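One chain follows as structure tokens, the form predicted on its own.
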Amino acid sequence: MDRDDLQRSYALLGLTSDANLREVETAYRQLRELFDEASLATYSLLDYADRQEKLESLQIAFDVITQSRICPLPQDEPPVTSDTGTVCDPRTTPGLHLQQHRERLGLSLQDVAERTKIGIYHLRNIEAQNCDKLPANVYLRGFVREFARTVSVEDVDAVVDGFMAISRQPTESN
């Protein structure tokens, strides 16, 4: 897969490359319905072979786009770093580490929320490490683990362990 394939895939679905995951899924679903055998809109325009070819190309385009979100194309940029220019340690700054991975993949918090079914409120507070605004650790552990998996963190356990260590520390108001 290359950038041209990705651009052609977006064009086939009638989208631009800045479309979010929900827009991609909606466009794909609508076009599949349009070219379905039961669709009266294209019934007399396409024969069975043409219809199948179109459906197959839509499936390939959808797969290319979703795969690019999971495993993005290599960038000509250095690794994502913090404001100080260093790669964030998942054990000391797990929230920032997750944010960097999410941004590197080009995902919005909305994209992550749709994939993980975790609310944006919780995702924002995980990235900001606002532990006092997050649920109990038993839930938080699962949220952080799923977030880390979704943004393709290499060492998920390091991020989870780092976040759990931070969440056990007393807050300034205590």
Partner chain sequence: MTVTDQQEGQQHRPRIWAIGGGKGGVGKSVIASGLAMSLAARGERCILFDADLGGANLHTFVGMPNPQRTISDLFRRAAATLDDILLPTPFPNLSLISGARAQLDMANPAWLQKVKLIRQLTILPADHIFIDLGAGSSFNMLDFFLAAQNGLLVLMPTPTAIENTYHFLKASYYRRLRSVIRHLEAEDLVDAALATKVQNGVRSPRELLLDLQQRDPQVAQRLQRAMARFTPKLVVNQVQRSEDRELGAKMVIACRDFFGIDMGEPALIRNDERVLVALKSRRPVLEMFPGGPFAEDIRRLLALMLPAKEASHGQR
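Between two forms, the rigid core is defined as the largest C-alpha subset superposing within 1.5 Å. None of the values given here were measured: they were computed from a predicted structure. Positions refer to the first chain, counted from 1.
As for the form predicted together with its partner chain, it is not shown, yet the points below apply to it.
- Only one of the listed residues (Leu45, Ile120, Ile60, Ala128) places a non-hydrogen atom within 4.5 angstroms of its partner chain in the predicted complex, and that residue is Leu45.
- In summary, among the residues Arg141, Lys54, Arg115, Arg124, the only one with a non-hydrogen atom within 4.5 Å of its partner chain in the predicted complex is Lys54.
- Not displayed here, its partner chain is kept clear of Ala38 by more than 4.5 Å at the level of heavy atoms in the predicted complex.
- Looking at Asp50, you'd find a heavy atom of it within 4.5 angstroms of its partner chain in the predicted complex.
- Comparing 60-68, 29-37, 103-111, 141-149 against its partner chain in the predicted complex, the single stretch with non-hydrogen atoms within 4.5 angstroms of it is 29-37.
- Once the rigid core is used as the reference frame, the Cα position of Ala148 differs between this form and the one not shown by less than 2 Å.
- With a cut-off of 2 Å and the rigid core superposed, Leu12 has a Cα displacement that reaches or exceeds the cut-off between this form and the one not shown.
- With the core held fixed between this form and the one not shown, Ile60 has its Cα displaced by at least 2 Å.
- Compared with the form shown here, the Cα atoms of Leu15 and Gln99 sit 3 Å or more closer together in the predicted complex.
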